[in-house]
Structures are given as structure tokens and as C-alpha cells.
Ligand SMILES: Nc1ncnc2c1ncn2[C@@H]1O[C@H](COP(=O)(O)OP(=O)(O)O)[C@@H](O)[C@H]1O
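Before any questions on binding or motion, here is one chain by itself as C-alpha cells, the form predicted on its own.
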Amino acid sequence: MKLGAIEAGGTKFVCAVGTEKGEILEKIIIPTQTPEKTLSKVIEFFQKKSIESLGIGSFGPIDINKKSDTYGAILNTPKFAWRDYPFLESMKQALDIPIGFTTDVNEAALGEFTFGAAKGLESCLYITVGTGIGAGMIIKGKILQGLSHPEMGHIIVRRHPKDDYLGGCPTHQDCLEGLASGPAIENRWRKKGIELSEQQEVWEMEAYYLAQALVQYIMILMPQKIIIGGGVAKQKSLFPLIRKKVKELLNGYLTYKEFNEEIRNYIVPPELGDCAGIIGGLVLAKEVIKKRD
């Protein structure tokens, strides 16, 4: 079975052809420009590959409510050229194959659940910390959604006592994304995160914010595994700091071993690395074929 996958990000589209076993056979990267420029190259790539179905994970917010008139559209994204753009419909018209459509973080969660760090479990939460912050949740093999997809990157967190940065979210200013995303780190410290690897106070503050978010997700969703990906999460000192802070915030309330002596195996980096999203797209592509059959 030959499947296609798209990981549509704010700066680039990763497009791949692969198999139902999560094997990537071919992959290209296309810069994110206007919809017309970007999708013409995306469509040209897939039209030559004879794929049976396609899985798309997109930056958002997007409309994933199949009963909605704007299902498959990108909504009020900061990327104005893509705002209200009928992404899914454009791909369906061009390729005429079954297409699955979800958020980029849901797609990555699906990849890690099926082939990565959460393989064999019943649930997992995947959070990405990079240019933005978002998270997706899988429960018993299904993507969690309600009225729409969760917006876990925009929850409100307590401000660090030593943080005078106002926050960088254009909508909420000092939400989690506004205080802990890659751009927030750069704007606060006047250097990119990669240049701050030896400055412990940077990562102590980052862990302070991310741990608060994880504790909220734990209390509400109780995932069996939390996976943190994205460029910021590649900072080696960050995971131990997050785990330590999560334990402090939980303060012994939850006695499960996952939140105590085995927390190192509970809050983890993605086993699939940067391929979590695109492999999740292959999983999504297989699922839409199953539903059609």
C-alpha cells in the first residue's frame, strides 16, 4: 500500500510517500509561501506518485469538524495568506483520493502512538515546543477532539517571579506559547535558544512554564505517556528540569510510579525524532482507507 503524508508547518511543508508500516520511501521539503505557490508544488509531487490516500497534519487553527461548512479550512492563522483557505478541499480536487485531515501535533501524536514512544499503550499526549506550542492527545487509538481540536498551547500559566517579559502571543500575550515558545525565549534573552544552552537560568524558567502546563494536562487527561518534541525540546538540560518541577508541583498527590520513581520514562522525547509528524501522516492516510472500506 503506497501512502502519502504532509506535515504542513508555518515555515515548511514536509511531503512524503511511504507505507502502512511507517516506512518513508521518499521525502521532500517545500517552503511555506502563499497557498497557490506552495500547494502547486505539493500537488505536483503527489500527482506523480500513485498514492492510494493522503494524511495531512496542518498548522492552525484549523476546522476539523466534518459537519462544519468550513471543514478542512485553515482559520484565523497569523499567516494571513492562509487565513480561511480551504486546504483540504483544494487537495481533494487536485488528487481525487481519500484524505485525512488534522492538526500537525495530532499527526505527531498519532505517529508516536503507533510506532514510537507510546507504542503498545492506550493513550499519549504529544506536545511540541518550537515556533509555537501545541499538543495532541490520543485515547484508545483515536485523536481527542470536541467542538474543535484542543489549543493546549494557549493555556494560562503562573508567571515566573523573575520574569519581566510581557509575552509574545499576538492574541493572549502571556499564555504558555507567549512565554515559553522559541520566539519568547529569543525575545526575552535577546539570543536564540541554541546560543543559550549553557545559561541555566534560561532553562530553569522554561521548565517552570512547561511543567505547569504538563501538570494541568496530567490532571485533566491522565495520559499514559507525555512526549515533548520541537526545536526547544532538543535542549539537553530541559527534560530533567521539567521532570523535577512536575514532581514538585504534584507534591505527592498522585502516587503512581509514573509521576515519581519512573517519571524519567513518563516524560520523554519523541522516539521518532523529527519524523513523528510525517509518519503520523502515513498512519492517518491508512485510517481513511479503512474508513472508506
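Heads up: residue numbers just count along the shown sequence, starting at 1. For clarity, every value in this text was computed on a predicted model and none was experimentally measured.
This protein has a second form, the form predicted together with this ligand, left out of what is shown; the following refers to that one.
- Comment: 227 to 235 is the region of 227 to 235, 262 to 270, 246 to 254, 31 to 39 lying near this ligand in the predicted complex, near meaning a non-hydrogen atom within 4.5 Å.
- Contact annotation: Gln145 falls outside 4.5 Å of this ligand in the predicted complex, judged by heavy atom distances.
- This ligand is not shown here, but in the predicted complex it comes within 4.5 Å of a heavy atom of Gly193.
- Using a 4.5 Å cutoff between non-hydrogen atoms, Pro183 counts as a contact of this ligand in the predicted complex.
- This ligand in the predicted complex is approached by Trp203, whose closest heavy atom lies within 4.5 angstroms of it.
- The single contact residue among Asn187, Gln199, Thr77, Thr131, judged by any heavy atom lying within 4.5 Å of this ligand in the predicted complex, is Thr131.
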